[in-house]
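Below, in structure tokens: the form predicted on its own, a single chain.
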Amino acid sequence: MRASDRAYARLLDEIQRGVLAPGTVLGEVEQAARLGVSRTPAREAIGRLTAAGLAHQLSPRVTVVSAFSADDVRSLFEVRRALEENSARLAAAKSNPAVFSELAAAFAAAHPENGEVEADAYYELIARFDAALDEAVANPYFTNALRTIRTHLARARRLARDNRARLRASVAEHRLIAEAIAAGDGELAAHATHVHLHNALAAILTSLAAAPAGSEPLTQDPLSEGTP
């Protein structure tokens, strides 16, 4: 892997996990030293983040991690709903039923009665589901658009990570989607996806609203209005 790719992957992961909060300065020299690369790979990595909307320039010399607010979450979910509902509908018509039957069984196994859902295992299973959905749809325009949406929404994922009730509900919702796709029922698959995304958005917005006074779990003001 090229040095710029390694730097990009590391910075992306840290932005998505909230290690690099909105408003954090992404200086070439500082990030190059921290990541153990030269300035050129660091510059390229920061440029990719800017192109993706995860960072923006306050001035020619100052680039910061972009803000990510409740309004951003709502806007992303508007696009996600359109893409994922149609993806589920298309997958029901085009997929190998055995693939989604297996995924439905995996979701069932991940949701023991009155048991806990392990977050890392859950997100690995979601990644498998997303990959299977993309492969079934076989439309690069859908895939590329969804990749962008998923990249940004990973920043909100940490808000639900410790919400065990929401994780359990999400596992059950994904099981229904997978079962509907396996059965070739496109309308049920799309409707189940709609319900899942409605509940996911509500959970994220509830987490934001419940944040302690003065706490901004997703966004901070950039440099000119207070450093992070």
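Worth saying up front: this structure is predicted, and the values here are computed from it rather than measured. Counting begins at 1, following the sequence as shown.
This next part talks about the form predicted in complex with the DNA, which is not shown.
J.: Here the chain is shown alone; which of V195, A202, A51, V29 has a heavy atom within 4.5 Å of the DNA in the predicted bound form?
T.: That would be V29.
J.: Which one of these stretches, 66 to 74, 163 to 171, 176 to 184, 30 to 38, sits within 4.5 Å of the DNA in the predicted bound form when only heavy atoms are counted?
T.: Correct option: 30 to 38.
J.: In the predicted bound form, is there a heavy atom of the DNA that lies within 4.5 Å of any heavy atom of H56, even though the partner is absent here?
T.: Contact check for H56: no, nothing within 4.5 Å of the DNA in the predicted bound form.
J.: So in the predicted bound form, is the DNA close enough to R43 to count as touching (4.5 Å, heavy atoms)?
T.: Yes - in the predicted bound form, heavy atoms of R43 and the DNA come within 4.5 Å of each other.
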